[in-house]
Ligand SMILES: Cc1cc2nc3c(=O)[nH]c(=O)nc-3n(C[C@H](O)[C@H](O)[C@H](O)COP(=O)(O)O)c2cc1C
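Given next, in structure tokens, is a single chain: the form predicted alone.
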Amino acid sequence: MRTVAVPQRLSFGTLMVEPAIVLAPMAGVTDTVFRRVIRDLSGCGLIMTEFTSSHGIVANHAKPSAKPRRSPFNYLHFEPDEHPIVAQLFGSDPAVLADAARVVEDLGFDGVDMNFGCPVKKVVKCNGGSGLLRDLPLVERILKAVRSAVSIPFTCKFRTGWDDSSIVVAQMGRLAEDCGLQGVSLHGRTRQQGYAGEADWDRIAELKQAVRIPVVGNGDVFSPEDCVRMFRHTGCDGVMIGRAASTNPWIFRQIQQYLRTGSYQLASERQRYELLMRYYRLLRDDAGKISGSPLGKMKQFATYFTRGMRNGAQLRKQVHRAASPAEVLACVDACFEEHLERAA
């Protein structure tokens, strides 16, 4: 077996990431329950929260007695075994973002990350996420305000530009470096692309050449082989994995197996069953720590997790028809029972 030589660790200032593989922040996915499942499977060096509204954090912090239906503190809840963990913020007001970053630091996060990448229309409409890539002077004010507000490591994640005619990879990287950030992550698509087409890994390589701070590459890493190709193609310091983690939570462990031996194991039916049951039980038991209903999350994850799985379509239908978490758990038990008995 051939051993692949790629970076095994990276550091964002005082924050050590080992292995150099990061779970991407994903809205509606990377809540505390999902993150703990990823931690249990091992192989992921750093996890990140869902992107969280800076205005929501500041409003909630100013009025701690208020309990809005979708409190930002659900997004920011984490357990001790999730370290190292970084909170990702979005917004466009430098002062508000600075205040939100202070709250993040007070809550005990290991770092704070700024979102300049979200392509969703309602976020961009408010000049958040990738909308800010059209206003680099404002980006600079935000970076300086947040950097001066906290002492924990500060990073940012962005896209290559608003569209193909306005690529800002090098400019964003140098802004981050000049403002004292400890690292940057780049999704190799423009805002206009959304998640369509292919991620341009050449832009990640361009960013790596433009700055001295660590660069994490993101986009179209769906397998251990993809991860190694990204390292080799771009020279990046770390790789960030998003959508692949929701359909194959074992990908982080598989990457480490591949790096050590040149091969990796696919999840068995029993491992799939045990992970799905653990995730669903955590959702049921920790309902107050997540945003949204446990039942809704169960149905959402069934859509992700059962892709390509034997009898996956049947299980998805049953879960989506279920009226309670208990019914969902019964569906999973029934679906896997026959296959597990045959494998015994």
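Numbers for residues come from their place in the sequence shown, where the first is 1. Only a predicted model underlies this, so the values are computations on that prediction, with no experimental measurement involved.
Missing here is the form predicted in complex with the named molecule; even so, the following discussion is about that form.
From the list 130-138, 234-242, 160-168, 146-154, the contact stretch for the named molecule in the predicted complex under a 4.5 Å heavy atom rule is 234-242. With the partner omitted here, the residue from V58, V29, I38, L295 that has a non-hydrogen atom within 4.5 angstroms of the named molecule in the predicted complex is V29.
Interface residue among E206, D99, D220, D200, judged by heavy atoms within 4.5 Å of the named molecule in the predicted complex: D220. When contacts are judged by a 4.5 Å heavy atom cut-off, H187 counts as touching the named molecule in the predicted complex. Under a 4.5 angstroms non-hydrogen atom cutoff, the named molecule in the predicted complex has A24 among its neighbouring residues. For the chain shown alone, F34 is not a contact residue for the named molecule in the predicted complex, no non-hydrogen atom being within 4.5 angstroms. Contact annotation for Q254: none of its heavy atoms lies within 4.5 Å of the named molecule in the predicted complex.
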